[in-house]
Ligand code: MEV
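Just the one chain here, the form predicted alone, laid out as structure tokens.
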């Protein structure tokens, strides 16, 4: 690769073909790589070029389907976009174990988002708080004038919360503008409202406003789901005991809780991605919520029922939408929502919470019984075989041999392939 500089000016002004040509010259792409870059899949060039800046291609991930989910007495097929093997199968299996006892029971999720307004340089915070409270109706009126359609549909700005903070830059007054965003994720509308009311608030308080932006810690948008997982289907009392011990480990130790919650997010993020929602917002909100007590903790809880079955619960903020943004622009997101057959953001969040709980149970069951690697590596071994250059007709044979030897590596795959090529009977 020839030496080059990255301070390229005007790249965004080039057509997509021109960008690719320049890129291939800069990093010496071969013909196969250029063809991959030229493959946009289900996107039209005009679609993808307007989504982000400096577009050169499309990055695709597999979308699979999780089955067996019954949530609030309704059956769902759940689309999941993820690159990790065994996740989709594990979710389906855990849902099957919950189905015997009625499936998942999810609570309604209010579509209320928070936009934060940061007021600085206030000499008397208590007086400022009183002025804001006295003028709350006018503040909400200004906010709601920004989106008459949202109001007409039953949404809009609802209330204000006031918080005073001590910071390294002195005391600040933080306003939380609470907005019912209905079936949208809501970032755009709450940010627009926050910006609109800020001049009036500055005039009232004589303070200086800097930040006016939503919070991804959506504490008014908490999704809760609960299910009973059959003891025998899980593998018996010993496996259930192992799951409970794993949960208590996570409850006491942030190092373990982090990986515990990662298992939950395998499901939640996969559905978030499939439906064109903001995975980064969901991730940051979930992990912040897990830390609100002062210690990073599990997002799920587990106990036994009177018959020794495992009862699991999840509580997580889920600011998901089914209208606006990528949920309508992305062709696969539209298909995913059609497969899922949800009628509201509320319902989508209920499904997503149940999926997160199922994913967590599946991971804990694997850890408490055969170990996480057995199921994971059965699928991973096929990928390793392909990376090693094993012909398609021999992939299964090489993968099986690697699993038998408990050595799933590229060099081992190549070694097995060589032995097969030399006629050895494996």
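The model shown is predicted, which means the values in this text are computed figures rather than measured ones. Numbering follows the first chain given and starts at 1.
Below, we turn to the form predicted in complex with the named molecule, even though it does not appear here.
- Of the candidates 262, 287, 171, 100, 262 is the one whose heavy atoms come within 4.5 Å of the named molecule in the predicted complex; the others do not.
- Think of it this way: in the predicted complex, the named molecule has a heavy atom of just one of 241, 313, 230, 84 within 4.5 Å, and the residue is 84.
- In the predicted complex, residue 136 stays away from the named molecule, with no heavy atom inside 4.5 Å.
- Within 4.5 Å of some heavy atom of the named molecule in the predicted complex lies at least one heavy atom of residue 367.
- Using a 4.5 angstroms limit between non-hydrogen atoms, residue 327 is distant from the named molecule in the predicted complex.
- Contact check for residue 266: a heavy atom falls within 4.5 Å of the named molecule in the predicted complex.
- Proximity to the named molecule in the predicted complex, taken as heavy atoms within 4.5 Å, picks out 356-364 from the listed stretches 391-399, 61-69, 29-37, 356-364.
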